[in-house]
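Okay, here we've got a single chain as structure tokens, the form predicted alone, with questions on binding and movement later.
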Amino acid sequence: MVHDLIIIGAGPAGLTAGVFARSRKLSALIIEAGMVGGQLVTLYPDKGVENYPGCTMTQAAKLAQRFKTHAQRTGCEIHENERVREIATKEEHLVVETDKGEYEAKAVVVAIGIGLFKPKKLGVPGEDEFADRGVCYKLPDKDRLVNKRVLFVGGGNSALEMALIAKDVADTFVVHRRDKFRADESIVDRVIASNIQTIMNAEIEEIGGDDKVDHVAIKAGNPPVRKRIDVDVVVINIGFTPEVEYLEKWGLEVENDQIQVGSDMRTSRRGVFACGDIVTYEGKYRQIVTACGEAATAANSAYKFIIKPYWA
């Protein structure tokens, strides 16, 4: 069987690409290395999403389920827990090789979000020693934070949104190395109005404890002063380092660990398009709604590549 379109990744971008492909009557197979939903379910399932149009506030995992349901109802075939190894060429078609099989397609859309990744580390004493014993890189289940002292490191949307989740059940701190947060102003306003303790112009120097984390040493202020904060959990959210070797292996041009695309979401490889957090272009803005817009463009560009309509 030859699929019209194979989509690699089942986050918001991949699922949206599937919906738009089906609107063009293209057969669409979506292959996901983990769980359907992407970052919404793997990193921030409990996070409230309030900037996706039509949803004033919804839980990330619930929004992911809506994307999945929509794609399934349009007729997309979805494979979970199947990792793509290679994209080969077979005459005029592409062959997507996974750890479970091979699938032939007329075109491919790469929508893998931040892809295979590892969290960036602070590189301070105690960080590795207390991994999974108080140090983590994503928000633990909220029930595990009840009556705990939780410190978040970071100044972006994700770090602050996680802190806003934790504040209802835990004593919550945010440490940021700058004097201003880089998060959206509306999120910053909510943090400032909350009971979250923010420590600016500060850096973690050491994470300490016995069997598990019980404190951090920070350097804060100007001139800097070293002080201790007693905490039970340290959540580090300062970004991720993508593992992009496989992208280059797939024959895609990569810049700053992201796939270069044109305005039509076309990559450097014939028949391969890309969208979502994994792509880069001038003015790129990482948001769910942006990924979905790029996905619509990628699916439509794939349609024009496959069908070659008279108007294209």
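Note that residue numbering follows the sequence shown and begins at 1. Note that the structure is predicted; figures quoted are calculated from it, not measured.
What comes next is about the form predicted together with a small molecule, which does not appear here.
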* Quick check: do M35, Y246 and Q287 each get a heavy atom within 4.5 Å of the small molecule in the model of the complex? -> yes
* Quick one: of L252, L26, L43, L29, which gets a non-hydrogen atom within 4.5 angstroms of the small molecule in the model of the complex? -> L43
* Heavy atom within 4.5 Å of the small molecule in the model of the complex: which of E77, E82, D232, E127 fits that? Just give me the one. => E82
* Quick one: which of 216-224, 104-112, 198-206, 140-148 gets within 4.5 Å of the small molecule in the model of the complex, going by heavy atoms? -> 104-112
* Should V19 be classed as touching the small molecule in the model of the complex when contacts are defined as heavy atoms within 4.5 Å? -> no
* Can K68 be called a contact residue for the small molecule in the model of the complex at 4.5 Å between heavy atoms? -> no
* Does any heavy atom of I6 come within 4.5 Å of a heavy atom of the small molecule in the model of the complex? -> no
* **Proximity of V153 to the small molecule in the model of the complex, heavy atoms at 4.5 Å** => no
